[in-house]
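In structure tokens, one chain follows: the form predicted alone.
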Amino acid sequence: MKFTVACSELQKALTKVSGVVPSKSTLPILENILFNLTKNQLRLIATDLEVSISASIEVKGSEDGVVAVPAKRVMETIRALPDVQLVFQADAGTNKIKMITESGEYNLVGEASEEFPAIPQFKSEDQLALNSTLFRSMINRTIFSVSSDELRPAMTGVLVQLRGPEMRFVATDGHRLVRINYTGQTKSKIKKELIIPAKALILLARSTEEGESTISVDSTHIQFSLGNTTLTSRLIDETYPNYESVIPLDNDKKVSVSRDLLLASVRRVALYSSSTTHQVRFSVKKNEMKVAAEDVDFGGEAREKIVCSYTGDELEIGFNGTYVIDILSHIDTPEVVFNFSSSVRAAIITPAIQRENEDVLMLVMPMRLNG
């Protein structure tokens, strides 16, 4: 194999695929990226057996070939080089690799391409075209709520419900929940429920460019194609919990408050909360919200007062400050609305003004108040 390429172009492609490479694996071959050269087309492939990514770039090819290249070393080398022309060559018999620039030569040893796992053959049952910017936005606003508990595998992914023109994203870890409805898919007729692993969506959000993504689905996998990049992921084959049952329908206490003011206040006050519970206390009365925290173990305490719009009965409720910060950080309107019922019922948080074709709902469970 032999080709010439600009370092910056190779680095862009490597960045797209390297995120899936496991840092340590029981299968050492997975710590490599497969380089596959056909004429002037270089295809890079990486996989952890659950998620696979490929990216193609134009190069000046001299000799076709395939070799598995150590991901960490090649990434670090290309990142450290200036944007110069690089000659990459690999010996088919020994898998010895040489990378040559005007001023340097870098040698490493790859692995035989035959050792690299085959990417799943994908037979699409349904296809959907989607604006990449919208898709990335929906991923970024739900992914923070995904659970990391491997004992509840369904909750380690995002539930995507395709209902014809409506698309719904749901994520929950049992303490907070995000549900986003989008109703602008006018041409779609697909009706499916998918649980997509968080890792696949995080990688997708990082590598997604402007334009339209094509989403293809079969019974076990989902594939995203955009330009020269393709990501294929196994779906989580579990039943998602009945999230609708935890969304209260009778939260009649409505508080409207500046998102930036509240976010800054909770960030400051939470510094004085217990390192175990991270509890922050909200007290609301007519047009006023108090945010307070106390660390009994170390004698720390903080409280702040901010203006809000509220005319209901006084209410005091406790939350994990980290969860409130996460939720407020993923709402991008100047005002947010909290809907409360009582100190022991979940609070619903929404943007004061929803985007066109969107309905965003975030939920956080309360904590038992100290003292």
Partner chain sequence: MASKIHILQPDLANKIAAGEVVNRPASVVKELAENSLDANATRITVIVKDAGKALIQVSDNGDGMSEEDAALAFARHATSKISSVDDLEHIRTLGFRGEALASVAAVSHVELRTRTANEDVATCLKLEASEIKERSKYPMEKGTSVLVKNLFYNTPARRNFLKSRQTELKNITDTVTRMAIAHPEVEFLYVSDDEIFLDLKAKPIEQRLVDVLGEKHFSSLVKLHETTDYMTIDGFIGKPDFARKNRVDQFVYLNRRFIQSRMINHAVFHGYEHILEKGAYPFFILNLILDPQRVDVNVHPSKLEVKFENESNIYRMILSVVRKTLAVNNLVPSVTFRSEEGGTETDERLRFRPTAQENWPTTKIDRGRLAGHGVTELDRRDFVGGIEKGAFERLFDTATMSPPDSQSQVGAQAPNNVLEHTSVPEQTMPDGTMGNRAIWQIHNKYIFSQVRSGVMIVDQHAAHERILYERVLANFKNSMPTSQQLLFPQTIELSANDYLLLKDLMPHMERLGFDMRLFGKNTVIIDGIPGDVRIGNERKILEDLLDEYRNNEHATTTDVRDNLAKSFACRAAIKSGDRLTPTEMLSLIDTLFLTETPYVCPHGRPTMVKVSTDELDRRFGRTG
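Because the structure is predicted, anything quoted here is derived from the model rather than measured. Positions refer to the first chain, counted from 1.
The same protein also has a form predicted in complex with its partner chain, omitted here; what follows describes it.
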| item | value |
| --- | --- |
| Non-hydrogen atom contact Glu166 with its partner chain in the model of the complex at 4.5 angstroms | no |
| Exercise: Leu151 in contact with its partner chain in the model of the complex, heavy atom 4.5 Å | yes |
| Partner contact for Ser233 in the model of the complex: its partner chain, 4.5 angstroms, heavy atom | no |
| Contact test in the model of the complex: Val5 vs its partner chain, heavy atoms, 4.5 Å | no |
| One residue of Asn242, Ser103, Ser219, Thr94 in contact with its partner chain, assessed in the model of the complex (non-hydrogen atom, 4.5 angstroms) | Asn242 |
| The single option of Ile306, Leu49, Ile29, Val344 touching its partner chain in the model of the complex, heavy atom within 4.5 Å | Val344 |
| Stretch in contact in the model of the complex with its partner chain, which is absent here, among 113-121, 188-196, 262-270, 294-302 (heavy atoms within 4.5 Å) | 294-302 |
| Residues in 169-183 with any heavy atom within 4.5 Å of its partner chain in the model of the complex | Thr172, Asp173, Gly174, His175, Arg176, Leu177 |
